[in-house]
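Only one chain comes next, encoded as C-alpha cells, the form predicted alone.
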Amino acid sequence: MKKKVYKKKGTRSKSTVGFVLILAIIAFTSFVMINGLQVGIYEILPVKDNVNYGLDLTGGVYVVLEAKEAKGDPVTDEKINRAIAIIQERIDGLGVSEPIIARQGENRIRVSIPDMQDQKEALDVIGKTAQLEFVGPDGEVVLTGERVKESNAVYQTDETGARSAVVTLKFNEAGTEAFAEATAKYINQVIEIKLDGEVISAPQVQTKITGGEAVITGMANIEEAGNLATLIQAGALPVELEPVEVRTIGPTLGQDSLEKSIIGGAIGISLVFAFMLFYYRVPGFIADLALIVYVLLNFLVYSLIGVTITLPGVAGIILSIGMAVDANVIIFERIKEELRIGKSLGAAIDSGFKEAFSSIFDGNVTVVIAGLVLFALGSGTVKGFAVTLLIGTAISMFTALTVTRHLLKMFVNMQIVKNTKFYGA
C-alpha cells in the first residue's frame, strides 16, 4: 500500500509544493534572524541583538560576596534578600544594562556588572552606605532613614470595601516630631522619598500626621509595595558582605571571545554540513536542512526566554548540535540496513525512524538527567551550560525525529532522486 501512495501524482505535487514552501520559510526566517526586518512601524531586530551575552563575552566585573555572621546577629533569608534589593538599586543607579544580582547558596550573592572594568569602583558601589531622605518640595531634607523604625507592605481596605496594596511607615520619636512638622508644612504637596539621591516614591501629603505612622498609597500591587518597603527600610546593608571572588573581563577579551566563538561555531557547523552531505547524500541534505531549523529554533528560544549566553553556554550549544547530528546518523544507518535487506524506500524510512527511536530517546534522557543535575546544583556559568544543553537537547529531539522525518518523506514523494544508492543502499 505504501509503495502505491509514494507513486500517486497528487502526492508528488503536494509534496513538491510543501517542500519548496518549507525551503522558502527556512530561507526567509534565516534572513530575518541574521539581518532583522522592518515593516512600517514594526521592527524585528537581528537575533544577535536580542540575545543576552555573559560577561565572558562582553566584558565587565564579576563579584561574589559572602555574608559574614556576627555574634548574636545571624545571617537570615530576610537579610540576604534585603541586601540583594539594595545592591540592585545601587547598580541600577549606574545606568548599566542588564546587571545580574542573584543569590548563590545560603549566604552568598553573585553580582555581574557589564561594561564596568574598575573593580574598586564596583566594590565601592556595592558596599557604600545607602542614604534615605524625605525631601520637601522646596528641597529641604525633612528627615532621614535613621528616623524610620519600620516599613511594611500590607493590604488596606477603604470605605468602599476595595482592597489595595500600601506601604506603612512607623517613625521613632524624633522622626514622629519631624514628620508632623513636615506634613503640616507641606499639606497637598509632595514629599519625595529618595534613596541615594534617586526618587523611589513621591507621595502627596493629604493631612498633618502626628501619630508617627503614615501610609503610602498608589501601589500597583503588593510586589511593588514590598519592593518600596524594602528600600525604605534598607538604609545600610543589613549584613556585612565580604568579596570572596572578584574578576574583571576586558571588553577586548570579551569581544575577541565572542568573535572566536562565532567563527568556531560557523566552521564546526559547516564541516558537519559537508560531512553529512558527502557521506549520506540525500538524507544528509535533509539532515542539513533540519540542522538549520534546529539552530533557528535554538536562538528563537534564547531570545524569547532571555537566556544569557556565556562561553560554557556556547559549549552546551555545540554539544547539543553534535547530539542532533548523532540522532540523524543513528536514523540514517538504520535506514541503510533496512534498504539492504530489500525493503522499499518508504518502508525503510518508516522502519529506520521507528527502530532508531529508542536509542535516541535513551541517549537524550541521560543527557537531560545530567543537565538537570548541573542546573540544580551548579551556579553561574555552569547553569548557563546546563540551560543551553537542556534546550538544545529538547529541540534536537524534535528536529531529528519530526522535522527530518517529514522533510525526508516529502523529498522521496517528489521522486527527484529515485536511486536508493543515494539513500545509502
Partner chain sequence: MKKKFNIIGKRKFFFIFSTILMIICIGSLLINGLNYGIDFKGGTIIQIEMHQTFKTDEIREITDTFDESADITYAGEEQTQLMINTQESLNEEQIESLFSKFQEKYDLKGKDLLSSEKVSATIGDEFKTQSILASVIAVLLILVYITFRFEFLFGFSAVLALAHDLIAVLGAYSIFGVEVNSPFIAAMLTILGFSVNDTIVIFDRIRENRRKYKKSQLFELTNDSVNQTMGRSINTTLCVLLAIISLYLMGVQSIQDFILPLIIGFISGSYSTIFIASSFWYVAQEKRQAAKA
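The structure presented is a predicted model; accordingly, all values stated were derived computationally and were not measured. Numbering follows the first chain given and starts at 1.
Unshown form predicted together with its partner chain; subsequent notes refer to it.
- Across the options 216-224, 304-312, 186-194, 167-175, residues that bring heavy atoms within 4.5 Å of its partner chain in the predicted bound form belong to 304-312.
- Judged against its partner chain in the predicted bound form with a 4.5 angstroms heavy atom cut-off, the residues 119, 123 and 334 are in contact without exception.
- Mapping the unseen interface onto this chain, residue 28 falls outside it, with no heavy atom inside 4.5 Å of its partner chain in the predicted bound form.
- Contact check for residue 76: every heavy atom lies farther than 4.5 Å from its partner chain in the predicted bound form.
- In the predicted bound form, residue 359 approaches its partner chain with a heavy atom inside 4.5 Å.
- In the predicted bound form, its partner chain lies within 4.5 Å of some heavy atom of residue 279.
- Residue in contact with its partner chain in the predicted bound form (any heavy atom within 4.5 Å), chosen from 212, 265, 203, 136: 265.
- With the partner removed from view, the residue among 154, 318, 347, 141 that has a non-hydrogen atom within 4.5 Å of its partner chain in the predicted bound form turns out to be 318.
- Taking its partner chain as it sits in the predicted bound form, the stretch 337-374 comes within 4.5 angstroms of it through a non-hydrogen atom at 337, 340, 355, 358, 359, 361, 362, 363, 364, 365, 366, 367, 369, 370, 373, 374.
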